[in-house]
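Shown below, as structure tokens, is a lone chain in the form predicted on its own; questions about how it binds or moves come after it.
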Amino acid sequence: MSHLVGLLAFLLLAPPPPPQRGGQLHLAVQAEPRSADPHVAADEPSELLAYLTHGVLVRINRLTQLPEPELAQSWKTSPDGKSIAFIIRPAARFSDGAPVTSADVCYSLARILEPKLDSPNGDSLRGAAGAVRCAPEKARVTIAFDKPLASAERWFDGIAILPASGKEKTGAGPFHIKEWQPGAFITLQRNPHYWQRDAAGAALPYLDAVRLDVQRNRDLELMRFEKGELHLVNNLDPDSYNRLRAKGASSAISLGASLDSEQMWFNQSPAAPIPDSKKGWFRTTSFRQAVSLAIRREDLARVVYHGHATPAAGPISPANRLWVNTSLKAPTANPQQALALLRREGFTFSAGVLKDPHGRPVEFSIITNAGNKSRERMAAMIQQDLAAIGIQLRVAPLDFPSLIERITKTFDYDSCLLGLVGSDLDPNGAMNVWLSSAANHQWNPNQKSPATPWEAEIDKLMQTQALAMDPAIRKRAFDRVQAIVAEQAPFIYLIHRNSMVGVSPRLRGVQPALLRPQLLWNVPRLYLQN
């Protein structure tokens, strides 16, 4: 008996086995990354590729949501918020072995701030900080702004540091691109010069490689996950989540309400090749409000998401407890009130058909990404809701690259149904959406000057919150932004879906988080258990 007790004590006190090294992590992306350039990454696959292959000075810990040192081992912000100084980590290396220097930081900063590059992060920083100056020293770099920046260090989570030499495909992240077969897969190989080490002093990452398969069909993705061919799956739709749970699969995990929103918007761009009559409708606040009032958000959450979602009141999810404007309430569907708003603008409703003041029937199309079951079902239900107020809606699913091309370059669309993912809790993370000059100001991007008084007010409020050192001032300003957006409805927010993911039992070290990349934010410490 004493030998048995001794054995049990040994087993209980013995440290867990060390993480296994090597192996290749397999996952799928629903579209091919549009660019390997991290400074222009605007779509989710490109952002994921940038996260895995490039380093930043400061990284927001996706679990604690607090800034942590990465390529910079420390930083200090001036009391007036107009400058921040970083000390470069001595061990920081690019994938070719070259050290990361202050000159690389200044080169990267100048590059994203170049207007011709049209970098989302550069547009945001320039809009908030004005002119930015970078002073390199040996192991120190000081960055100064025209205006004070609140939480200045958080801005640098999105600015990849590239070598000043201009070498392509060279980054300071845990992996680097080994092979890219267009339309098929991307293989990433372990960066042998990566700076991070684990508690035992062993070099990270544990994995030898990561393979990203371009898999647009979510059903095939789930099938491959169930077979063990893929090790994780992000953004499970409700059907897939319920299917895994029904099989008793412990690999299906719900994190509760996500930071993401599902929304629709109307194309108000002057460059849009659509009839002026439609532009007139779309630019009318009452028209947008009426469409919003016609949509039954509760049904979208209940029917499409099987209860794994909540109706949206505005741009910020209730999961973001620090910044959500709690005074806003999700609109309750009211077709009669919607028609009353339209009649005040001269629209008429007769025999089930809505006509504008010039007698033209109101009809338009909505684009969304083909293959996304939830969005296709939402579009079909919205189609029925709008038919109740006499609007004929045509649903036009597109492959994801074509959809992105239309909403960012050709502007050849009427309206769009898409999701906006939460990349940061702080309002500064959304500057590239709310500033009228920003490329991601989707309903009317890249404005030289605000097209409307309310957009001008949002510009001022976003700059106010970005410059204020007092958190209470920032909160008041951003609450007002949310109230304006709810009133003007440039985005018609529909639901906040729950965050649901799938993780293979073989994959260890995973700590699911609400911020993207939800399952890969700590990829250097992930490993496969045989």
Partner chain sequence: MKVAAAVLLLLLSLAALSASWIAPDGGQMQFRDHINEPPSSQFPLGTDPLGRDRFARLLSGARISLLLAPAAALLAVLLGAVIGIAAGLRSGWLAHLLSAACDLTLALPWFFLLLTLRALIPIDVAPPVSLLVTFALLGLLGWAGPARVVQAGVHLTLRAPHILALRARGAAPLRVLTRHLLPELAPLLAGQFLALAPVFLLAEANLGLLGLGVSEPMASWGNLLKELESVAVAGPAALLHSWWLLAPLAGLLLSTGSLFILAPREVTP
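Residue numbers count along the first chain shown, from 1. Computed from a predicted model, the values in this text were never measured in an experiment.
The same protein also has a form predicted together with the partner chain, omitted here; what follows describes it.
*Asks:* State the residue from D219, D208, D198, E137 whose non-hydrogen atoms include one within 4.5 Å of the partner chain in the predicted bound form.
*Replies:* When the partner chain is considered in the predicted bound form, the option within 4.5 Å is D219.
*Asks:* Find the only residue in F287, F86, Y194, F364 having a heavy atom within 4.5 Å of the partner chain in the predicted bound form.
*Replies:* That would be F364.
*Asks:* When the partner chain is placed as it is in the predicted bound form, which of 72-80, 351-359, 399-407, 315-323 ends up with heavy atoms within 4.5 Å of it?
*Replies:* In short, 399-407.
*Asks:* At 4.5 angstroms, heavy atoms only, are R93, V141 and R154 all close to the partner chain in the predicted bound form?
*Replies:* Judged in the predicted bound form, none of R93, V141 and R154 sits within 4.5 Å of the partner chain.
*Asks:* Test of understanding: in the predicted bound form, would D414 fall inside 4.5 Å of the partner chain by heavy atoms?
*Replies:* D414 belongs to the contact set for the partner chain.
*Asks:* When the contact criterion is heavy atoms within 4.5 Å, does M223 count as touching the partner chain in the predicted bound form?
*Replies:* Answer yes; at least one heavy atom of M223 falls within 4.5 Å of the partner chain in the predicted bound form.
*Asks:* So in the predicted bound form, is the partner chain close enough to R394 to count as touching (4.5 Å, heavy atoms)?
*Replies:* Judged by the heavy-atom cut-off of 4.5 Å, R394 is in contact with the partner chain in the predicted bound form.
*Asks:* In the predicted bound form, is there a heavy atom of the partner chain that lies within 4.5 Å of any heavy atom of V233, even though the partner is absent here?
*Replies:* Outside the cut-off, so no.
*Asks:* Who in 230-247 is close to the partner chain in the predicted bound form, meaning a heavy atom within 4.5 Å?
*Replies:* The stretch touches the partner through R243 alone.
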